[in-house]
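The chain that follows stands alone, in the form predicted on its own, written as structure tokens.
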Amino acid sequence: MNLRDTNLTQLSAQTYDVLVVGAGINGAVSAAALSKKGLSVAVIDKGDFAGETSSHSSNLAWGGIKYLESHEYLLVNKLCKSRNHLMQSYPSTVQEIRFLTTLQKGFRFPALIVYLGTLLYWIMGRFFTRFPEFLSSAAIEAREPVIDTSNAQGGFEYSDAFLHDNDARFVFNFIRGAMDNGAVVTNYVSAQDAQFIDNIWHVAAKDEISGEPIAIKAKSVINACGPFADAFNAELENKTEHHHVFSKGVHLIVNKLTKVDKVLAFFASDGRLFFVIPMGQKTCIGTTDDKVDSPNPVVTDADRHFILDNVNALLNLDQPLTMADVISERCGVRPLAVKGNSGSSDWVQLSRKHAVDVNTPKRLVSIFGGKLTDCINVGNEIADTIAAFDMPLPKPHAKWYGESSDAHKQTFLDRAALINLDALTPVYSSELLSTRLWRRYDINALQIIDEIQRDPQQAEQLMHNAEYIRAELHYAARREMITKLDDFLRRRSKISMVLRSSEILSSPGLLEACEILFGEQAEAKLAEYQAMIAQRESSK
């Protein structure tokens, strides 16, 4: 019996202290915090973990510099503090990166005034990052020749943070941490109905893979459904103070465009921020920022043209980028929390700050908005909220986040050195193998070392340019609840972001990967993925 099957049988085995519905970043940190602090926790998601907003971000963990323009100083102060704490807690994953920002002539503020804003931002960030620099157009061109400075008035370079891996992987590690602390977690399980009877929530759920019904009981429920939080509250007939409006964000992934590993920041033709973000040997460009009514967005030709037109106008490329250069696309909505009936007319000014609404009589908590930068605060706030339901936390001071100690890391590095692990790093890799394994798996990377010591072939790459070795697949099959091939290719890894679908499908190692992940179901799971890709391509 695999991990998911085991957890499915456990969902109905007891009355949980907390049921978390939704396994994006908000649900993941809620589960990680509550389980570590000693409560019994169940988590369900109708799709895969981090399957929606949490896998479509810009991979940036920033302090919200853009909110200075709208004078939200308290929010910027809070986000800077959260960013610093995240960088300190996850030094291998959340790292400082420089933003090389170019302002065009005619921009709404002179470059020097905007630079003074970066100094304020640095001060509000408690001097945690490198000092900002004011740059002339010539200095910008000297640092990154690909930037078109012909219409630039100048710019600056300042620091924020980014995720060295992908956002969905970061979210999953909170899910894995919750499981390690006893939480019963399952993907592809939807909540069909919920009734609060005799002080207990009775949730009628469904296994979306088999169609089988599942009865779950819990003393409290957390609505962490992200962009679907309003719909779930409507099903529960739960009236809340906040609701969501949606901003669609689209990114395109292309081959590497820049000489330096810095984020190139501009203001696009519509006046909003536009990024060129390093992604190893690839580059992520975007984003759009358009109000939409549906939490299920799609990439349109207008989105693609907007991004390509802007990057071609802002960079001096040998050849203009076209759709033929696009390797993959990211598309999701940012759920923005608004209070009451506000937000429809001034949604562009809305920030990503989160809100927590509480129905105390029914012990029902709803999380709105939020961003990855603030995730530790969300987890702590939810733990305090649940404790206030007269549900005391057995271990209220337990720390539920952060990388393992330096001593544990050194143990891993010593083991890696014994087998000369880094010598096995492929020439096309963007980093050493030991660096990557520690960042992805923390202390559990020792299990992968064990596999390689047992069988050196476990260190081989199964798919060229994928930066994933055979031992990682065996680990993922055991511990990462990969239910569909897309779960692995898009969310546990970033393979489908950096390789074209045609490259993936033609890879000699794809079938072996399926056999490792799915055993006897390998061919069926591969066919399922092929059908999904065919449908996606036909809809373009």
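One rule holds for the numbers: they count along the sequence shown, beginning at 1. Because the structure is predicted, anything quoted here is derived from the model rather than measured.
We do not show the form predicted together with a small molecule, though everything after this point is about it.
Using a 4.5 angstroms threshold between heavy atoms, Ile44 counts as touching the small molecule in the model of the complex. For the chain shown alone, Lys371 is a contact residue for the small molecule in the model of the complex, at least one non-hydrogen atom being within 4.5 angstroms. Interface residue remark: His56 is counted as part of the site for the small molecule in the model of the complex, having a heavy atom within 4.5 Å. Within 4.5 Å of any heavy atom of the small molecule in the model of the complex lies no heavy atom of His164.
The candidate site formed by Thr101, Gly117 and Gly271 is entirely out of contact with the small molecule in the model of the complex, as no residue has a non-hydrogen atom within 4.5 angstroms of it. Checked against the small molecule in the model of the complex, the candidates Trp400, Phe267, Phe246, Phe228 yield a single residue with a heavy atom inside 4.5 Å, and that residue is Phe228. Between the small molecule and the residues Leu517, Val21, Leu11, Val18, the one pair within 4.5 Å by heavy atoms in the model of the complex involves Val21. In plain terms, the part of the chain that comes close to the small molecule in the model of the complex, with a heavy atom within 4.5 Å, is 327-335 out of 418-426, 122-130, 327-335, 302-310.
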